[in-house]
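What follows is a pair of forms of the same protein chain, given separately as structure tokens and numbered structure 1 and structure 2.
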Structure 1
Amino acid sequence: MIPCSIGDQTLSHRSSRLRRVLPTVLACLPLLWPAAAEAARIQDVVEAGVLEQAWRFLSLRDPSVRLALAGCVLLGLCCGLLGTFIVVRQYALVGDTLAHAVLPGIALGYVWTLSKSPLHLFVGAVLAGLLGTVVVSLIRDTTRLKRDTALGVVLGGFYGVGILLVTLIQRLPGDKSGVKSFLFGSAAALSESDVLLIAGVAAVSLLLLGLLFPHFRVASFDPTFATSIGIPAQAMHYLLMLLLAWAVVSALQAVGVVMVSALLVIPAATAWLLTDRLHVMAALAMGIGMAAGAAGAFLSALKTGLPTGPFVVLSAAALFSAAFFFAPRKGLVSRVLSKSRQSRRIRRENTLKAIYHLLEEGGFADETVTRQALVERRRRPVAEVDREIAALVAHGLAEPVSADGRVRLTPPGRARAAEIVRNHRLWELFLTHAADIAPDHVHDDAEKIEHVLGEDIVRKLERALDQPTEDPHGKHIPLAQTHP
């Protein structure tokens, strides 16, 4: 069916047809959506439709939904707050390791009473966490291995033991409900006491870190200095680790032991992309944690049977991606945008400079330059030079004189052009005089520097060079702020 020879005409014909058909196909896509929803509903008649499920969740009719939402939101708040201090202290991996290392302790705590008694789980978790910390220090102090390696060993080793124990517990006779959710969480199964535990940890963390915020800030920023002024940085570190262990235990039922470590790190990391102040970062991290908790509880409620933890963490990760790309100053997109703004400005300034050079060669007798002269000067295609001229006109730096592309600089355009040339020649002079660089080596450097020299640096250069009038190549240095 493939034609042996496809003429240009056939090809363009086919592509234009595709262009005509594609919008229609795209427009029809939404129509398929109800059909898909219909299919889902027919498949499991017992369950309500997605929209109805969403409504049930949002109306908070069911007590279990209320508990799930409250639990996840409070947990997000608590983890956002604790995570802030963990992330800024560069303890993210420590938090991660601790969250994984408590699993065997939790499993043994469960075996202790064969129920999810928070006290026994907590004792088990703290003991396992302590043991993990001791093993990390032991590995660091007695071998040549560094901290991250020691943490990796403990994380993997303890977690392996934990998984083994959890699997064994599930084989025990009797009621083992909820043991499996230790790993990934199931907010739908949150009981009132689970939520109370989370609320308790959140309240204690908020109270302690809130009241002692300045002290925690200095102890995190500069522990040696903190100790020197009598703030017990070491004790506060252990307090933070204890709160962390407690938060991990409280998070078990809601998001599970694996996902809580992500919930500790991601909201705080997201917040750090958005601010330079610790208290703002803590507030943002709590907000992001709460939003991720709510979104995770909502998403896992839509389709029962799926664990909550991954949804909470995915929501947090989505927020992190948004911050990574779109954060006002540090975001990838904003950085690319500002870079392209800058390169457009540099291109404009180079055009201005070329015009200035042309005027200078003519002894400033003629106020205008032709497009042709500019094309030769810039060594660029006509279309590109036309675009450059249009950019100058758009910024009020030049104005067209005649239809054939003759342009004149406006007063602000002339001032800026003189400034650029002045920067360039001053810098060349400075390099040859002060830095002892040969005159034929300085041009390329000045090509870059001319665009970034600020007013006060220029003044300093002038003073250093004793108000010079000629550059190393014998060219006149235009006066600042005057129009030639």
Structure 2
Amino acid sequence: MIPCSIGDQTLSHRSSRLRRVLPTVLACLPLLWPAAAEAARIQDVVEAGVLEQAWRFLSLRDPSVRLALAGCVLLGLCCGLLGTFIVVRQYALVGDTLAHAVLPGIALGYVWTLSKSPLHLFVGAVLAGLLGTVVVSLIRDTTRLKRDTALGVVLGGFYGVGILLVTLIQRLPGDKSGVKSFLFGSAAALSESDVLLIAGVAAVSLLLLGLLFPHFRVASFDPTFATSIGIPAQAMHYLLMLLLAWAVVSALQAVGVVMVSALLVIPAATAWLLTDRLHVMAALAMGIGMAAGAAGAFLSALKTGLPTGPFVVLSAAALFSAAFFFAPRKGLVSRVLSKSRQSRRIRRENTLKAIYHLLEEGGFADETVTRQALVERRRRPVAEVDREIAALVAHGLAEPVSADGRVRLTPPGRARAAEIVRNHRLWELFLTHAADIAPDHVHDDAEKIEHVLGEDIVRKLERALDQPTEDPHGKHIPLAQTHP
């Protein structure tokens, strides 16, 4: 019995040791079987696949990646340049119309040879685009319909025919692969011939628009004046439409019919928010288009399974959003801040004007005014008047005299107050003389204009009114004052 008991204890002890060691052994099984270890490493690779794919894209090891990137960048350059003239001419819908109008031409180009011959597709698309342009002009010339209506008619009609033909092509024999990619684009399917076509269109566009840039600039802003000085504005228009049709056709394989119009408009619209000079706008639009093309190609390469066109357009839209909010002068934030600064300046100047009126009513016998008198004149709460006085002091336009709120204008403050009052009273006099408006109806207009009149305009008003000394109400018009 004792041996049995000892044996049982030994067995029990070994069992407990086995239970403790078993998890460690199981955890080491992947090291014992190479297949299991390899499976774990494959899983790790899958989890890090996006990073690996990003590195493969950035290293440009794959020929397909190089072709897609080159095609998208060249396309962004070309569309950005042409889009500049589309935006300044307010022809944004023209690009959209051409993009949809070329679809029937692409379908007929395929039917021509029952294959995706780049030359036949290009010829068919260009002819369809030019036909769409002619139809738009014909509708405008023979009816009273406006341009946007004619463009809408052509866009819908041609696009409907194109969709019908693409659907029918699917039932025909031959290589139909990739025909539907013209709708949404597929940069991964770009061939060397496609990239060469895009490069050729970009080179021709750069060459022609570079050589004829002064003519295109004049014709874009004032076609009538361009014609009067010998520039063939109509011929320039059709040349631009031809280049635009070529660009649209070359862009279809990369971004598709649906997205190409956005690539024509968004980079140029973004550049318009950043500058007012046409040549700078063209350079910025090309840069933005190239950046959007590269970003779209990169995002679509990260094993997303999504077409390139939407990523290119979304990248351009992201850049537009940044410019829309943060552009130095035309951005929303800049305009809000500018409007806030202008409002604060107008409040300060209104306070200056109120102080001047109080001093004028006292015959300028005293150089100071009390806070209470300013509150009654401004008809504002005491706390708001105190903030206005503090703002004048902070800008060096006034200085406190006593603890009870009495203030005095500094020489710069007095000069600016006199300028505002002079602007107000001169404008009232001008309205009563030039516009024959009753004196009791000119105050509100003068309240607005007094803050924006420049010194050159004031001088012209004084000369036109023969150096007046009194406004329509008999009040003295102060002379311009100088200050250190």
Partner chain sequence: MSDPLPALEVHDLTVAYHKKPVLWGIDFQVPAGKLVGVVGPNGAGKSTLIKAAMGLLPLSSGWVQAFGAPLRDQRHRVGYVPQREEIDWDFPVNVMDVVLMGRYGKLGWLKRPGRRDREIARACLEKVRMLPYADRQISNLSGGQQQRVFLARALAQESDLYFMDEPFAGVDAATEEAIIGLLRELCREGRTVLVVHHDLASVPDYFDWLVLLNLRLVGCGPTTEMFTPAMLSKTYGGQLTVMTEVAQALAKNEALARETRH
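By rigid core we mean the largest C-alpha set that fits within 1.5 Å across both forms. Structure 1's sequence is the ruler for residue numbers, which start at 1. Model, not experiment: these values are computed from the prediction.
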>> These are two forms of one chain. I'd like to know which is the form predicted on its own.
In response: 2
>> Assuming a two-part rigid motion between structures 1 and 2, is residue 437 grouped with residue 477?
In response: yes
> Looking at the two forms, how many whole degrees does the smaller rigid part turn against the larger between structures 1 and 2?
Replying inline: 16
> Quick one: CA shift at residue 134 between structures 1 and 2, core fit, Å?
Replying inline: 3.4
